[in-house]
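Just one chain is shown here, as structure tokens, and it is the form predicted on its own.
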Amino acid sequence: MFDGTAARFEGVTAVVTGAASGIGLAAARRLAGEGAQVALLDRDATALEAACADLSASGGSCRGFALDVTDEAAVERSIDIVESEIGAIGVLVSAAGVLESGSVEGQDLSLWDRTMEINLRGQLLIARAVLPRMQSRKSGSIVMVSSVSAVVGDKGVSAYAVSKAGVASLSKQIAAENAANGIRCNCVLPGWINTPFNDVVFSSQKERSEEVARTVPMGREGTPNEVAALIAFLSSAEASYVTGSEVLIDGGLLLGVLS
């Protein structure tokens, strides 16, 4: 957990989706470590319970909500509870997502649809639940997790890439429609991050290590904590004049693609 030397989120209520693992969990830890009361949303109830126990043991304030972000009614209920029992939501980090391999012509359509449901529609639903509350207070920050796959042709993960391009576009729409309401929205575009999330596209750890060495100028994967630090900055008042931005955090991966 962040060492607590800064307290940019003291008194702030934050909602994090996909919060039981990976980037979502790291973001929740970082926000809680800086003083936020954090609501963790994830469909994995067991992992969610463990995540909340971990944050609480480290001195963070958190509460878990086991739900699927594609379930509109469940999302609305959870946000109602957060607002009434925890506090007015000042920060939303939308990190829930899935990765399935498959080409444009070969992707199983049920997996394509499920990817779009979770990665794009899920981010839309949580934003729609939170935005009216933020609009009524004329303040708030939203950070959505997209991917470098959103801005290049990424062979073999077509549904994921298209869904993440949609997330980047959605974040711009939210930013454009809500800037006058005092609400900011940005998205982060991670490259290779050291979590199990990317395991599906590799046959072995050796293949993964070789791909990272070949494609990333910095020569390593990023960590969830590094992405969480960027998310915390964009969520904070230090980024008060930043909205509608797509921020790469990829170790120079796209530099390598273009060189």
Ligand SMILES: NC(=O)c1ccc[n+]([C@@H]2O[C@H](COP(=O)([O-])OP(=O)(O)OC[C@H]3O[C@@H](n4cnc5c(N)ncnc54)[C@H](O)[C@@H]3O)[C@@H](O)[C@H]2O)c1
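For clarity, every value in this text was computed on a predicted model and none was experimentally measured. One rule holds for the numbers: they count along the sequence shown, beginning at 1.
Below, we refer to the form predicted together with this ligand, which is not included among the displayed structures.
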query	finding
Proximity to this ligand in the predicted bound form (heavy atom, within 4.5 Å), stretch among 131-139, 83-91, 172-180, 185-193	185-193
Contacting member of 54, 211, 226, 44, with respect to this ligand in the predicted bound form [4.5 Å, heavy atom]	44
Candidate from 58, 61, 215, 198 lying within 4.5 Å of this ligand in the predicted bound form - any heavy atom	198
4.5 angstroms heavy atom contact with this ligand in the predicted bound form for residue 98	yes
4.5 angstroms heavy atom contact with this ligand in the predicted bound form for residue 15	no
4.5 angstroms heavy atom contact with this ligand in the predicted bound form for residue 118	yes
4.5 Å heavy atom contact, residue 126 to this ligand in the predicted bound form	no
Residues in 143-164 with any heavy atom within 4.5 Å of this ligand in the predicted bound form	145, 146, 147, 160, 164
